[in-house]
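Just one chain is shown here, as structure tokens, and it is the form predicted alone.
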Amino acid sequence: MTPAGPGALRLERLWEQRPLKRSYDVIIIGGGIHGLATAYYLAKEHGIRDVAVLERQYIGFGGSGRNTAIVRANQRTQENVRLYDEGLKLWPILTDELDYNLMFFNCGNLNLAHSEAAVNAFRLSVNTANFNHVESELLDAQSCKELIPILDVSDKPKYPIQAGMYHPPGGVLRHDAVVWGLAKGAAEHGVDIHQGVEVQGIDVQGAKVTGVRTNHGPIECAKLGVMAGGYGAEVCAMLDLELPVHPLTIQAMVTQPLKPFLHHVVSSGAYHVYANQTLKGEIATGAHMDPQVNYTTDATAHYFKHQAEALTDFMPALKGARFLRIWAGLADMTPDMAPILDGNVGFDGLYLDLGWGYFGFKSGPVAGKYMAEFIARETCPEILEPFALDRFLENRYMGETATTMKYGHWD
């Protein structure tokens, strides 16, 4: 804020609003964390500043602003752990680079196991993390309670706690701050950010992308990045490019502010619930995704009931707390719960960054860093090679989850 007169304050925009040009070197579809991070690194690291980020609503409208902002690097496979670990280490660096407080809180993440099978799966994840020099450890039930005293580790809960996987580097950020900080940083390096610009078609000449058609007219480009989160597959359908990506709604909510007591992120796969306490004292909690493929961000009463029952079963001290608000966002799920990061998808100049499912927020800056390198150098960085689209056609599924879907045709 800067003074505008005696006793008055004037809010300054974080980024300059520039005219929409008719041609850019690079156009990025999607004004969320992935699109903005890619634009930021294109301009800052590679000197490519003739870049436009096109967002049909407002920046952060999609999944970037509709999540619980949890970050971690304790995935199941080495390929994912490596990527997410570098991403986790980027947050304090970005805070300094952008000169913007992203509110990174390194509080640690505790995943609960309620069966012997889950404990064995945690052993594998912990070993994978440790092998890749990522801090993670297996705790018994009593040690979990020492970490989070309100946990009920008796046999009273429906799913008694048997163990926990503790990941100290994990934490939370403020999602709005991340979006605004990246937009500010990208614009300072010359990137144009255009809100309210909807891409309605993609132009090609032969197999080369040449531009986009928008509600503000046609715009030419040499390279095009599709980083539109839950709407990415819909954008690619403009090119008749069918992707194994299905949007599913995930709902989250917050309670009334409470006295600080939950000092770590806690999650449970058996209960389909995860939670952390915000700086305002609210308990922010998210649920499992809706089972039906859809594009709705409507909230439902079902999840109020689900969250209340789940949280109070293994943290009974929360009984009586009231929910204040609920929201929903889209998770762009692939069959193996790993993203598609590719620039070799049948169209010269087309680059895809989508299919992140649950993990889109925590991966934004690191994905943007390497996608910017991919776009600038036209060579896939080694760290992104496992995430190519053709893995589905070649049955090279990532090991984040099992799949029973059939390919050759996306069912």
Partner chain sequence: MTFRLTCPVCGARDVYEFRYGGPERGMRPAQEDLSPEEHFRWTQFRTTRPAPQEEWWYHAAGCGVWFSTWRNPATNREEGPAT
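All values derive from a computational prediction rather than experimental measurement. Positions refer to the first chain, counted from 1.
Beyond what is shown, the protein has a form predicted in complex with its partner chain; the following relates to that form.
By the criterion of a heavy atom within 4.5 Å, residue 181 is excluded from the residues contacting its partner chain in the predicted bound form. Although the partner is absent here, residue 320 sits far enough away that none of its heavy atoms falls within 4.5 Å of its partner chain in the predicted bound form.
At a distance threshold of 4.5 angstroms between non-hydrogen atoms, residue 237 is in contact with its partner chain in the predicted bound form.
Residue 188 falls outside the set of residues with a heavy atom inside 4.5 Å of its partner chain in the predicted bound form. Here the marked residues 251, 299 and 389 all reach its partner chain in the predicted bound form, each with a heavy atom within 4.5 angstroms.
For the candidate set 82, 288, 114, 264, a heavy atom within 4.5 Å of its partner chain in the predicted bound form is found for exactly one residue, namely 288.
Among the residues 247, 171, 339, 329, the one placing a heavy atom within 4.5 Å of its partner chain in the predicted bound form is 247. Look at 202-210, 291-299, 97-105, 138-146: in the predicted bound form, residues with non-hydrogen atoms within 4.5 angstroms of its partner chain sit in 291-299. Looking at 368-399, the residues that come within 4.5 Å of its partner chain in the predicted bound form, counting any heavy atom, are 389, 392, 393, 394, 395, 397.
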